[in-house]
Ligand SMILES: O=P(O)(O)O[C@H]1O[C@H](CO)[C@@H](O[C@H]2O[C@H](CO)[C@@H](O)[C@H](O)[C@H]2O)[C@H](O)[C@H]1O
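First, one chain by itself in structure tokens, the form predicted alone.
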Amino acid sequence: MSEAVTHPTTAEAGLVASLEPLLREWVPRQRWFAGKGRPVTGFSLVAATDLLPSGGTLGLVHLLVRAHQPEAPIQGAVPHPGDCYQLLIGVREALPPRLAPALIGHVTDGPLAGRTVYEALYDPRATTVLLEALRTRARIGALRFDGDPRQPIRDELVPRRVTAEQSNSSVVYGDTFILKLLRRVVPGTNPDLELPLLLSHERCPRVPAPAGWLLAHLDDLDEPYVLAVLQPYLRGASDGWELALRELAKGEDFTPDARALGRATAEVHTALARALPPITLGHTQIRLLVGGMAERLEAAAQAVPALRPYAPALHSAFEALADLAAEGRAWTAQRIHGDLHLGQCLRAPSGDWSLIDFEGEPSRPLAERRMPQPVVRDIAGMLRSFDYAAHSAGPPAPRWATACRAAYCSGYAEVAGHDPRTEPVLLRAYETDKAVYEVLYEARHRPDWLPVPMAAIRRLAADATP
């Protein structure tokens, strides 16, 4: 294993102070910034590493910075230290026109005074540095580039930035690999690396096996930050969400794909259950689970007045689950995907489906995302995704969603040996919880989309009413 030369770091006291005025303008505008709606009052340095010395034609600085924002005062609450973000900062004297959209700004003081800084993921020269570090398993400062020796990484793969940015950022290398850089990071075992590695050991073909990964080992932490994961790029694959919308617009039958996706989901769940033993959820655990659902419903109803008339009926869906647990009913929980929807699935030209993005819901604590849960949580997420698709292209198509939901569950049963519809109380509780989350999200971020989850709320409230 070769090691890269460790460059002197630019982590001097004045680095973040000199960048702060620029970052306060630039970071809140990024799609991956989680603190929208609250001002950024400052940044503090967690770690800084020079991947390329900043004094040359091209400098490349890897930063972990904490964004500080005011919080609503809650009596007895522990102050939040601020979210930690991963930044890859390019440094040049001036930007060529092709990099103009990447501009962060011009630094006037500090160690980078007189230089121009920019989002380095736009720059193929900079992103090539990342792949080379992964290929050679470099150690640079606190950064550890590592990988699977069974998947050699060729050099000279041409990088291109994925423009459909979401809560993270991605770069494709020569249609061979895709590198996902996590933006908001916390120390600890990230399921986006943990679960695909486990599934590769189980030889599950439905999840691309990680070829490389980037960790940051900081002296004051017991666990590293997981910063990036490199996986095989599924050439020619179609995004499940976009594929569903295209088929719906053309009036094509999507149920064969929905059934195949159900089978793929069950294959992943079965492999995860082999890799990590399931547990049993009894009365105490279900009571806590239902309590969390009820609290989320109350908070959403306070924030979204349109939800309030349906809250009593929705609560009855949760209470029905608690009643079954009180009667002695128990359920199995295991590791799952955690945020499954059509956009987390890719269909190959062969028709085979793959599941990606095992990070879980980024807004939830890492420990919570790694907890065993009933598989119906993933299934409920996918059923809600079919509803979303049915309301997104032209006039709403509820029959299309109903057919896809049924086909998905049937496909799941073919592999898992049990149909999720045979647990209607559990499934309805999780669908309700997901729809409540969607109502709150849409009300805050996309008010025009609020009618989509509200249609589900009306249906679920009617189903929950005796």
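Each residue number is its position in the shown sequence, starting from 1. Keep in mind the model is a prediction, meaning the values are calculated, not measured. So that the term is clear: the rigid core is the largest set of C-alpha atoms that superpose within 1.5 Å between two forms.
The same protein also exists as the form predicted together with this ligand; that form is not shown, yet it is the one meant from here on.
- Looking at this ligand in the predicted bound form, residues 167, 241 and 339 each place a heavy atom within 4.5 Å of it.
- For the candidate set 385, 190, 265, 86, a heavy atom within 4.5 Å of this ligand in the predicted bound form is found for exactly one residue, namely 385.
- A heavy atom within 4.5 Å of this ligand in the predicted bound form is found for one listed residue only; from 43, 33, 437, 26, this is 437.
- Comparing 310 to 318, 133 to 141, 276 to 284, 341 to 349 against this ligand in the predicted bound form, the single stretch with non-hydrogen atoms within 4.5 angstroms of it is 341 to 349.
- At a distance threshold of 4.5 angstroms between non-hydrogen atoms, residue 442 is in contact with this ligand in the predicted bound form.
- Interface membership of residue 357, defined by any non-hydrogen atom within 4.5 Å of this ligand in the predicted bound form, is confirmed.
- At the 4.5 Å threshold, heavy atoms of residue 458 stay clear of this ligand in the predicted bound form, well away from it.
- When the rigid core is held fixed, the Cα atom of residue 442 travels 2 angstroms or more between this form and the one not shown.
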